[in-house]
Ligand code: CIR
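Taking the form predicted alone, here's one chain by itself in structure tokens.
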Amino acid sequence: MPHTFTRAIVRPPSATFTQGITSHSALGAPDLTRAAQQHAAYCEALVTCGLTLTTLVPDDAYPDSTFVEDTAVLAPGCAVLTRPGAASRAGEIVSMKGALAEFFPTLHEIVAPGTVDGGDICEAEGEVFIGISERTNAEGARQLTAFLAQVGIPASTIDIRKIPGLLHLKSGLTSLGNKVLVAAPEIAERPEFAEYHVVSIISGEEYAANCVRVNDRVLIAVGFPNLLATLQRLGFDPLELAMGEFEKLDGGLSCLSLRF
């Protein structure tokens, strides 16, 4: 059983949301009104799962700022402000630092030349997998590994830079607790996962790999019947949410909150 979450930090989409970074232009332009509705439903789901929300003010200066997960790594006993790999997102750290200071008296920071996006960090059963990606580099991973080691959390790296479609590690890897991982087929058989039960995503359901265990529920994007049935068969309690507007900007369920 993963540790219990009691709080989450979220930030609604800003007025500039549709200008966010994307590699999915073929999906069409995001619709801000629908994105706001989907975000509100997401927040409602977190409350249903027992979390108290801290809602930050939308920040028009940063179109991607609704994806708050990328700005910090929160593990038991360890809070780290990241240094996002996209230069246009660097300023998002300032307001997040103030928000986290309320809850974490000690806050570490990734410094140049290291870069880390929180979406590349997957905590699983007391260990952490760090994705080396276009957003998280080896130096950032080294710094984060050292911070985690201070509280006894081991970390290992997984290079995803040559895997098409994986912006972040958690675009293709989720820990559900109970020694269960959901993984994109390209990484499902990695030796690091030998002690886990790995649910490999089928073709056509790749986006669903980014699901989220929140206490007794598993948040899953709507429209992926194979993974939904698999989770139910394994004894999980999925909660489906529409995520189409965030998918258009390479965002997933985990991206929209910092849970602790």
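Heads up: residue numbers just count along the shown sequence, starting at 1. Keep in mind that this is a model prediction, so the values were computed, not measured.
Keep in mind the form predicted in complex with the ligand is missing from the figure; the text below concerns it.
- Proximity to the ligand in the model of the complex, taken as heavy atoms within 4.5 Å, picks out 166-174 from the listed stretches 183-191, 166-174, 141-149, 106-114.
- Contact check for residue 240: every heavy atom lies farther than 4.5 Å from the ligand in the model of the complex.
- Although the partner is absent here, residue 13 is not a contact residue: none of its heavy atoms lies within 4.5 angstroms of the ligand in the model of the complex.
- Taking the partner from the other structure, the ligand in the model of the complex has no heavy atom within 4.5 Å of any heavy atom of residue 83.
- At the 4.5 Å threshold, heavy atoms of residue 255 reach the ligand in the model of the complex.
- Heavy atoms closer than or equal to 4.5 Å to the ligand in the model of the complex belong, across 63-82, to the residues 64, 67, 69, 70, ordered by sequence position.
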